[in-house]
Structure formats: structure tokens, C-alpha cells
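First, one chain by itself in C-alpha cells, the form predicted alone.
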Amino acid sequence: MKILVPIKRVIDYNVKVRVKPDNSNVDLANVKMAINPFCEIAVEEAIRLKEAGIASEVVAVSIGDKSCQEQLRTALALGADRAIQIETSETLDALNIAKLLQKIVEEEQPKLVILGKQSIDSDNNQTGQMLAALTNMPQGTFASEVKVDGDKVNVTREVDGGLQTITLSLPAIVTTDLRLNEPRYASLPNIMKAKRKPLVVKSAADFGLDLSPRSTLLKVTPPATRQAGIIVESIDELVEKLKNEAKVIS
């Protein structure tokens, strides 16, 4: 069974995000980049399925310029067998990303596509669902447990009321939640081996798709800064400030 794992290059979640002075976008200059955390969980799950003898091959794919090869090499170091880069310098929305991934699905014919439920930069939570609609494949979103059973996959997913387990016929699409697994660290020997693993570059223009954006970024602003707290000397002073300044009690 072949597993396809789309991954995205994002700002490392430990980095404090800066906004450009003109508020046109996020400032990426000299910023540490990494695999999107939810995508990293997807890579880990695919590798675990291969280690269990369920999957025979794990293919990582990413969309972007040459810089995203760094994250693809990381996926290879973690255990993926080969990688595909869809090269484009354009900033694509979720639908256009899903359309490009659809073409890769048609070429690779994976039995299972595992991807993060959302990226930590745009936070759209749309690509997996759109890809399922375009490929007409069943989907299991927000997975906290994935079990492959023959030509079926049982996905336990988190919903508002608790947990829900659904059974999907393969081929299928699964999006990962935080509690699915704990991603491993790449060892130095595997990092060295990843340099020799195949990484194929395909041009987004070669797929013949209309990748015109459906949305326009108007402005990016940082969150409002929090004011420093106030230390009060007594309960009476606390009550007075809550009543007259915060106006949360009467």
C-alpha cells in the first residue's frame, strides 16, 4: 500500500511572528522555517504504518519554491521513501493546492492520503476536505487514531461531543489531529541517507490548471498587546477596581 503525505513549509511554531511595517504580510526574512506540526504528525503516522508492514511506500509532496525542499528532505530523514516538489513561486489558496494534489493523486494512485488537518499559518482547515471532494474519495478528518483493516481504514475522530469512529473504504483521505501520535526526531544517519533519496521536481504550470487566486490578502496586523497587570494591596482595592475601572461587577 502506497501512502501519500502532503506537507507544508511554515514558520517554526517556536518563533515569534513579525508583521511587515507596511502590514502587507508576515515578515519571513531570517526566520526559521519547519514542517507544519500537523503535517509532521501525518508523516509520523505514515511511517508507523510502513513499520507495521501495512504500507510499502511513503511519498512526501510539497508545493512551493526551492526552499520547501528542506522540509521534504526532513520528511525523507524521518522515514519517507521519496519526495515530490510541485514548484511554484505563487502563494496558492486551499482550493488551488487541492487541485495540484489531485493531479499527484491521479499519478501516484495511493491507497491512503494522510495530511495535517490545517496549517498553522493560514489555519484554513480546508485542503483535505477539498481534495476528498475533487478525488471523490471518502474522508476522515481530525483523526486521533487510524487503523487499517484490509481494504478498510477505521478512523477515530474528535468531535464536539467526544469521539466518533468511522470506517472508510480505501483509497481514502485522512487528516490528522494533535493527539494522533508524537512525531520522532530525525537521527543523523537518517539525515545523511535522506540526501540520497529521490526528490522529483515538477512545475505547477505543467499541470494545465487555472491557479488564479480566489481571495485577496488585504492586510496583516499583529494581535493587540496585553497591558501589564496591576498588583493590589487589599480586597477592598480589588473590588473597587473591578467595579469602577473594569466594570465587571456592580
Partner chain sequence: MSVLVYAEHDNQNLKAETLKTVAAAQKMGGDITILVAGHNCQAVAEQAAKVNGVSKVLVADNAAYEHQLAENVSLLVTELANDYDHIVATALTTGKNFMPRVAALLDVAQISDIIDVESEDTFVRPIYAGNAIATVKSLDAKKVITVRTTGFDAVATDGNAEIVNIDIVKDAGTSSYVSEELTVSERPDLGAASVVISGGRGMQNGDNFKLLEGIADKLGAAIGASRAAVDAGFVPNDMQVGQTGKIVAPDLYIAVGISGAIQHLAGMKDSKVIVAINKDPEAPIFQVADYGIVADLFEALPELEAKL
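Treat the numbers as computed from the prediction; the structure is a model and nothing was measured. Numbering follows the first chain given and starts at 1. Note that the rigid core is defined as the largest set of C-alphas that superpose within 1.5 Å between two forms.
Below: the form predicted in complex with its partner chain, not depicted.
Screening 193-201, 42-50, 55-63, 22-30 for residues having heavy atoms within 4.5 Å of its partner chain in the model of the complex returns a single hit, 22-30. Although the partner is absent here, L218 sits close enough that one of its heavy atoms falls within 4.5 Å of its partner chain in the model of the complex. Contact annotation for G208: none of its heavy atoms lies within 4.5 Å of its partner chain in the model of the complex. Contact check for P213: a non-hydrogen atom falls within 4.5 Å of its partner chain in the model of the complex. Although the partner is absent from this view, E158 contacts its partner chain in the model of the complex, with a non-hydrogen atom inside 4.5 angstroms. In summary, among the residues L168, L112, I97, I86, the only one with a non-hydrogen atom within 4.5 Å of its partner chain in the model of the complex is L168. In the model of the complex, its partner chain lies within 4.5 angstroms of at least one heavy atom of each of the following residues of 1-19: I11, K16, V17, V19, in sequence order. Taking the rigid core as fixed, one finds a CA shift for L188 smaller than 2 Å between this form and the one not shown. After superposing the rigid core, the Cα of N14 is displaced by less than 2 Å between this form and the one not shown.
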